[in-house]
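In structure tokens, the next block holds one chain alone, the form predicted on its own.
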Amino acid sequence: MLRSMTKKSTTLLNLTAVVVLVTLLYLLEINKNSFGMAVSILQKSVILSIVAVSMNLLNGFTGLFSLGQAGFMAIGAYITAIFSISSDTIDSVYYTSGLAPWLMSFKLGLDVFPSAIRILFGLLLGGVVAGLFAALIGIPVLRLKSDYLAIATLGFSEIIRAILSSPQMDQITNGSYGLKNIPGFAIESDFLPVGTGSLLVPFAIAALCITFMVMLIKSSYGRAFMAIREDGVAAEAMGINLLKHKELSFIVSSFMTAIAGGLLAMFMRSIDARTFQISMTYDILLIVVIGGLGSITGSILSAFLVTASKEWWLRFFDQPLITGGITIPLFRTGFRMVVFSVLLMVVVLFFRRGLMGNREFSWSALLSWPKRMPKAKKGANKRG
């Protein structure tokens, strides 16, 4: 019965899961004062899941080892922040050189629209600009392979970070001071409680982005991506334009990464160039590898597990522990990351292809999992 689940029953289960998820998110929304830490972890996790899936699209499905995610996130974060910051607080943000006159005029023209429209415009513009950068650098860079491609994209990420923090960009990015007073996810509406949106907004945007990438992977373009990953020479012999499809994968991945960067700016409420260092790309790569290269659901699951473990569940290891009047020496600031690293090593040793490998979540596999557990043979414990 489980193996022959119809499309109708699968759709019903999916709809039920969505309804339950939205209900839980709404309950957390209206009680976020009591679950503040959980709300913050969920916000950051769902943002990182967008970046992880977009990186998996490039690294896991197309076979391109790119490490430029932090740079594209920075582009999206800064553009979203610039256009979402209220014009009334601009002087308190750009207190050294002021905002560029041409940019200020453009912002004042956008003030006729509600804040939600301005934020959405900033997110989309950040994605478009990141996509244009990806298209430009992709022409020479995507001809490289393996480690050379990784080094080139990593260098691009550092160049973007250096440009954003340079004194010449003071009137646009505020240089090394960064940007603050960035609005959060709250929605102003007469039909919803005050402050609603802290979870519903990022989850809704993440659902749209990930759904688009899933549809792309399941299309003919996605099959071409996977053919390139398996064997580029054979794919080209079959008539697949390698550069065209690599460019498409690179542009879509960069676009989604920039949108996630804009959401991260709204989550943090203030940003500077140091936020988007190389370590951020490594964190995303860690999430992708732990979840499984070539698995969308693996990247999503890993984003939540890694973020919750690193930022919340293991926090008690950083606090001094006194038992029977004896202070345990290991429990001190920084020990949390040691434990986290050990757990990562255990996961990699037992799940060498990640938690999900290249598989995806399915209801039939979940419901039939207890039945697939190995059973002890009769008489196995009997002697002779």
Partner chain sequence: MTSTTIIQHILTGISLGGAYALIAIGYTLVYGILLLINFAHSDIFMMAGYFMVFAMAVMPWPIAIPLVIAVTIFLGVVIEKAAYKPLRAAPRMSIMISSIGVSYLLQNLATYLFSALPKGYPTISPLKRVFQIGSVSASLVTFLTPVLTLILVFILMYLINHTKLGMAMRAVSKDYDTAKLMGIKINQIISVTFVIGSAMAAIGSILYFTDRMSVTPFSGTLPGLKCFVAAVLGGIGSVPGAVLGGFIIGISETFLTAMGYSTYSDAFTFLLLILILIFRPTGLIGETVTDKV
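Positions refer to the first chain, counted from 1. Because the structure is predicted, anything quoted here is derived from the model rather than measured. We call the rigid core whatever largest set of C-alpha positions still superposes within 1.5 Å between the two forms.
Absent from the display: the form predicted in complex with the partner chain. The rest refers to it.
You can rule out all but one of 112-120, 278-286, 174-182, 257-265: in the predicted bound form, only 278-286 has residues with a heavy atom within 4.5 Å of the partner chain.
Taking L200, L99, L154, L314 one by one, only a single residue has any non-hydrogen atom within 4.5 Å of the partner chain in the predicted bound form, and it is L154.
In the predicted bound form, no heavy atom of K107 sits within 4.5 Å of the partner chain. Heavy atoms of V338 reach within 4.5 Å of the partner chain in the predicted bound form, making it an interface residue. The shortest heavy atom separation between I322 and the partner chain in the predicted bound form exceeds 4.5 Å. Looking at S166, you'd find a heavy atom of it within 4.5 angstroms of the partner chain in the predicted bound form. Counting a residue when any of its non-hydrogen atoms is within 4.5 Å of the partner chain in the predicted bound form, the hits in 63-78 run G63, L64, F65, L67. Once the cores line up, the CA of Y95 ends up less than 2 angstroms apart between this form and the one not shown. Once both forms are fitted on their rigid core, the CA atom of D231 lies less than 2 Å apart between this form and the one not shown.
Once both forms are fitted on their rigid core, the CA atom of D111 lies less than 2 Å apart between this form and the one not shown.
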